[in-house]
Each structure stands twice: as C-alpha cells, then as structure tokens.
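Taking the form predicted alone, here's one chain by itself in structure tokens.
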Amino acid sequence: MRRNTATLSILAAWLLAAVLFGLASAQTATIISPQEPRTLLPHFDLLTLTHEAEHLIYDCLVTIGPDGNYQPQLASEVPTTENGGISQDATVYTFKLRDDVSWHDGEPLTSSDVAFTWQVITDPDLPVPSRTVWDQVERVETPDETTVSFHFPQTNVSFLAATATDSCYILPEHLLAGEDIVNSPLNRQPVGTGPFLAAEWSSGSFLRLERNPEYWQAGQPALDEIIIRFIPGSEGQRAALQRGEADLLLHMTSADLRFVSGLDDYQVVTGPTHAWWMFWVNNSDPMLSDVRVRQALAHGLDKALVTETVMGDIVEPLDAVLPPSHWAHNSEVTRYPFDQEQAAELLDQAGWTLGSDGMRSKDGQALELEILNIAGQAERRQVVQIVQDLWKQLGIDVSIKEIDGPSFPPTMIEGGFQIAYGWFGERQEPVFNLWLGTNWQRYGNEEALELLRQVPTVVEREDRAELVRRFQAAAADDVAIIPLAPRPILNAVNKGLGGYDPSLAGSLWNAGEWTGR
C-alpha cells in the first residue's frame, strides 16, 4: 500500500509538471481592442476593428504587405497583365486559386465560394453597408474549381484593392447558401479559411481563437492561441499594459503616447494608413443643407487647438478630404481658417440670427445640432467637447450623443444623425467607399461624384490623380464633410511579440507569422 501511495504521488507530480510545462510552452498572444465587433460574418459591419478580428479567421484572394505590394493569399499568384490574370484593358480579372485550402470544417475551398461571396456582397436584399467596386462587376465565371474570373463592362483599375482589404474576405457557400444569412450562427461562430479558429466569444469581455492545425500556409500559425480582450477605455487599457497582460493594444490614442513610451516592455508602432479624423455632416439635414451653415461650422472649428492639445501635436490640421499620405491628395483646396467673425457672418446670411439669450434661431426655430460620437475613448470625448464649446460660442445649441461602436454604422446608415465624429481610411488605389459606397454624409453633388466614378476607368495614375484632386476641390467648396486631421494608426506592442509587421491591409494581417513571448 505504501509503495502504491508513493507511486501515485510520483505520477501526480509528473502529471502536474506536464500540465505546467504545456501551459508554459503554449504560445499565446493577447490583443486589446477598444471596440467589440457586432458580428464576425464579413461584409456586414464597417468597423475597422471588426475587420481586424476577421483577419484572424478569414483569408482574402490577395493581401498587401508592409512594402505596399500585393501578395497572393487564397490566389496562387497575384493577377497581372504580364501573367494574363488581368486583361490588357483591365476589364477581366482572373484568379487561380490554391488547391490545398480547406474551410475550418474540412470542406475544400472552391471558385464557387468566391462567386458566392460576390453574390452576397451585391445582393440588394441583404444589409451590406458597402458594395463599392464589387457592384460594378458585370458577371463572374467559374470554369473550374480553382479558376474564377470577374468581368467588368469597362476598364476598372481598382479591383485588386477591393480583393485585398476590408471587403475581401471569402465566405463559405456550403454553409450560407439558401440560409438566413443575417441571422446565421456564423455571425457568432464564424467558419473561415484563416490561421485561427473562433473558439469562444464572451460578449463584453473577450474573443478567444485557437490555432488552425490544417492551415494551408506551411508552418503557420506559430501561435497556439490569440485572445482579444475588449477594453474600451484608456484607464483599463493602461492598467493591462502596466501589468504586462497584453502583447498588442490596437488603435491607441495619441494621449497615451507618453504613457506607453515610459513602459520598458512596450514600444509604439505606427501602421501605414491613409486615414483621417473628420466630422461627418448630414448634408440632407434641414439645418445643415445650406452650404453657408456648413461653411460657418468649418470656420468655427479651431483645428490647430485640437491637434496641438488633444492629439499631442503629432499631426497637422487637414483641409482636403484625402490625407497628405495619399498620392492623390490635393493640397490646394479651399480652406476655412478658424475665424468666428466670418462664421457668425455666414450664419447671419443664412438667416440664423442671434437672440437676446445669445442663441441663434430662424422663423422661431432654434439652431440646434447634435454631435454623434462613439463612447469609451477619452480623446474622442475631449475633441467633441472642444468643438461643442466652439460652436456654442457662435450661438448654436450643441449637444453630444454617445453610442457604442457596433451601433455607430447602423445609425449612420439610417441617417439618424446631424454631425458625427469619427475617422475613415482610403486604400492605396482608392475605391471611394466614403463617397460612392456608404455616403453617410449624403453628399449629392452628382457632377463631383461623377469624377470619382470615372477614376477606375483611367489607366494612367496621374490622370486618375487629377480627377481625384478635382473632386477634393469640389467637396471642400461644398463642405461635404469637415476634415480635422490625419489619423496615424498607433499600436502599443510588447517587445517580446515576434513577427508583428503592420501593413495597409491592417494590424493583424500576418498574425499567422507571430511568435509569442
């Protein structure tokens, strides 16, 4: 009996050591995200941080590396005119798919999945918030299981960009065809072809993903597990970094730069981007439909005050509707320098006169504006409060409404706002989703929008740039939106996280290559 007891003790100790060794050797990375996705079924949510999470679960036909060049992903090679993948007139794009890719449930990926994805994106009965470029495809052909061709009625130079970022993720036809996609279980239990499997989603807390052992990319993923924690406020994010609980904090605010720089184990990495902060202006709102009111708001906004204080003086104020980092940026658009006297004069001209109480009204109606903002980030709150105060000085009754991130896109789509604060990013080869896709600002200058519709049909880049610059000039004259400043993508990265290398495709595009601490 004594010998058996000793043997059992030794065995128990050995098992405990094995478990501890397994835990210690498991490669896990923890990511902090300021926002939680509304769904993980691609194409139904416009939040950038939703797209980031989807990068772990799904693949695109091609992607974009840190050098800005396209790289094959589900496609065996990037189509070009040289290899015959793109027709000489850029009306046909043909992708040859890898033949060794399986969905997370074991079913093989085929060209039918790609064609089905296009059908979903362009289905007018589905609440897809953006169909830009995909809706210009005339037809899709699948001559065999590894070949898919997209046909356009005219030259289109923007399609590769569409297949590489944001709206690029391919969907599983065998799980979604004929189903109620909007209410599909795949919203919460996604099935992709990517390097990680969605294992557990605790609403308001975390998303846990496990290594895909059958991933098509040899040797990937190196990590066994990725955990995305949803922490919306800077206070909680800072506490997690101080305790060393995170490998990556996505989209940190500039207000946290000094804090993160003071942490020995972390560094700030800036991701490449063509993004900018701005105020969406609902051009169809009765109080904002007069361009003089929009011009007054632009003159009444002290952009330099915001950039020099809240944004830490790391960016310059922006006037164009495309940031300076982009090759088509127009630096010579109409500017609206901070000038409250000019702003007041414009409001007077528009019929909004000051009353004895210092507030403006017209025909017995008060000039009231509401700024919509995503809650949870101190920097965003500070910006809208500054703007609220500046516009109140003009005699405008300004209020702030804060909602959670997942509710923001549906609210904007429905037009349930007057002014909204946020940011938007354009692609290297622009597809103008802000204007031709979502158009949350309800910009109706058809002559200006037609300039953008022509861009994909023009082969020479400089000729395309001229069209985009002309559009920026018109949008600035109309004050279609109020640009504020470029938005750098700032991520706090633990120095022990290996392989992290953000690109225009996103911060998590190459998570399969990461190694843990």
Partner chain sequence: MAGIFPRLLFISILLFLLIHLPAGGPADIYAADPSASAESIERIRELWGLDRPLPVQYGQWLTNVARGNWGNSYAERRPVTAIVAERFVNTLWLTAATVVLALVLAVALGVAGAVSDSRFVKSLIEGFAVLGISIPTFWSGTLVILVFAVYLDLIPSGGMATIGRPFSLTDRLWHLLAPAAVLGTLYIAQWSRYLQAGLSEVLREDYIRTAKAKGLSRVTFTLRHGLPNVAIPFITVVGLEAPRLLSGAMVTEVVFSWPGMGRLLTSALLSRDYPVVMGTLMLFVLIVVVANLLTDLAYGLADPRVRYQ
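Keep in mind that this is a model prediction, so the values were computed, not measured. Numbering follows the first chain given and starts at 1. Under this definition, the rigid core comprises the largest set of C-alpha atoms superposing within 1.5 Å between the forms.
This protein has a second form, the form predicted in complex with its partner chain, left out of what is shown; the following refers to that one.
Visitor: Taking 69, 106 and 220 together, does each of them reach its partner chain in the predicted bound form with some heavy atom inside 4.5 Å?
Guide: Checking in the predicted bound form: none of 69, 106 and 220 is within 4.5 Å of its partner chain.
Visitor: Using a 4.5 Å heavy atom cut-off, which stretch among 344-352, 292-300, 202-210, 319-327 contacts its partner chain in the predicted bound form?
Guide: Correct option: 202-210.
Visitor: Can you pick out, from 242, 119, 102, 154, the residue that has a heavy atom within 4.5 Å of its partner chain in the predicted bound form?
Guide: Partner contact (heavy atom, 4.5 Å) among the options: 242.
Visitor: Between 130, 254, 94, 136, only one gets a heavy atom within 4.5 angstroms of its partner chain in the predicted bound form; which residue is that?
Guide: The residue from 130, 254, 94, 136 that makes the contact is 130.
Visitor: Is residue 147 close enough to touch its partner chain in the predicted bound form, meaning at least one heavy atom pair within 4.5 Å?
Guide: Because no heavy atom of residue 147 falls inside 4.5 Å of its partner chain in the predicted bound form, the answer is no.
Visitor: Would residue 377 count as a contact of its partner chain in the predicted bound form, using a 4.5 angstroms cut-off between non-hydrogen atoms?
Guide: Taking the distances in the predicted bound form, the answer for residue 377 is no, it never comes within 4.5 Å of its partner chain.
Visitor: So, residue 182 and its partner chain: in the predicted bound form, are they within 4.5 Å at any heavy atom pair?
Guide: Flag for residue 182 set to yes.
Visitor: Is there a heavy atom of residue 397 lying 4.5 Å or less from a heavy atom of its partner chain in the predicted bound form?
Guide: Residue 397 lies outside the contact set for its partner chain.
Visitor: If you apply a 4.5 angstroms heavy atom cut-off, which residues in 34-66 are near its partner chain in the predicted bound form?
Guide: Result: 36, 38, 39, 44, 45, 46.
Visitor: If we fit on the core, is the Cα of residue 402 displaced 2 Å or more between this form and the one not shown?
Guide: Passes the 2 Å threshold, so yes.
Visitor: Align both forms on the core first, then report whether residue 432 has a C-alpha shift of 2 Å or more between this form and the one not shown.
Guide: It does, since the residue 432 C-alpha is displaced 2 Å or more between this form and the one not shown after the core fit.
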